[in-house]
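Listed next as structure tokens is one chain, alone, in the form predicted on its own.
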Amino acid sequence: MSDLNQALAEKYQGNFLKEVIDNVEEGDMVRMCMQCGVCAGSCPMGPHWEHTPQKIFMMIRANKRDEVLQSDSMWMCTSCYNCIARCPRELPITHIMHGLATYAKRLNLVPQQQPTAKFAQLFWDNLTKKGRVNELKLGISLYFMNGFGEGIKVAMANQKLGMNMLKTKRMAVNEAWGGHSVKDKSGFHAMLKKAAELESAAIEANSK
């Protein structure tokens, strides 16, 4: 258990709902869930969830801290917003699920080999270099995120698609490799650094 995870677990001592309210975006709305199950029935990824949002909210209120934070359920959300659109109490379910994923990552509790978590990190690393996503480099990193051998298999399976994109000028390798950048790259990096400092300060304050 990481030092931060242990400190927060000790601070809240069996009151996981309070921990979620204090540390997760719109976590206070978990209290409003009436367990109707509409979110579970509306989710296109429903069959693939370890625990549906409805169950996650119930587990939070039942103090199932480890089961929730170590679950891959939050990482299955595709932000389609079906759950929010259909929730009779208009709960920000998507925001809460992403907030739980962010919190689990902060505590180093992301499940091993979780593909969505891998993609999120690759996307973030790509974006923060120049302030704009380099789609060619991102695509290559996604191909090889599970190793060189797997990357070759994925590339071979998609070679026809790649050639068609080149022919129709949807992917110009020479231009795409360098990528585009925001005008004030140093200012962009300074903004990210400041945001990280503010987040770290907030985390430290909550852990005391």
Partner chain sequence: MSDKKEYSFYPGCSSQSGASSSNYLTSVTSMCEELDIKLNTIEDWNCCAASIGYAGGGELPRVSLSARNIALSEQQHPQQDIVATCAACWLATREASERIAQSTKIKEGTGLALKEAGLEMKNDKKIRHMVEVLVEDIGMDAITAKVKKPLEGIKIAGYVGCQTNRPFGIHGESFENPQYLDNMVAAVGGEPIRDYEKKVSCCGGALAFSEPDKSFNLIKPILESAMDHGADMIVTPCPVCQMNTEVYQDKINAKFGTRFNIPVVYYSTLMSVAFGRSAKDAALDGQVIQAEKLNKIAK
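Computed from a predicted structure; not experimentally measured. Numbering follows the first chain given and starts at 1.
The form predicted in complex with the partner chain is left out here; the points below concern that form.
Engineer: So in the predicted complex, is the partner chain close enough to Pro111 to count as touching (4.5 Å, heavy atoms)?
Structural biologist: Pro111 lies outside the contact set for the partner chain.
Engineer: At 4.5 Å between heavy atoms, is Asn164 in contact with the partner chain in the predicted complex?
Structural biologist: Result yes; Asn164 sits at the interface with the partner chain in the predicted complex.
Engineer: Check Gly14 for me: does it contact the partner chain in the predicted complex (non-hydrogen atoms, 4.5 angstroms)?
Structural biologist: Gly14: no, not in contact with the partner chain in the predicted complex.
Engineer: Can any non-hydrogen atom of Gly149 be found within 4.5 angstroms of the partner chain in the predicted complex?
Structural biologist: Heavy-atom contact with the partner chain at 4.5 Å: absent for Gly149.
Engineer: Does the partner chain come within 4.5 Å of a heavy atom in each of Ala40, Phe57 and Leu107 in the predicted complex?
Structural biologist: The answer is no: none of the three residues contacts the partner (heavy atom, 4.5 Å cut-off).
Engineer: Can you name the residues of 190 to 205 that have a heavy atom within 4.5 Å of the partner chain in the predicted complex?
Structural biologist: Contacts from 190 to 205: Ala190, Met191, Leu192, Lys194, Ala195, Ala196, Leu198, Glu199.
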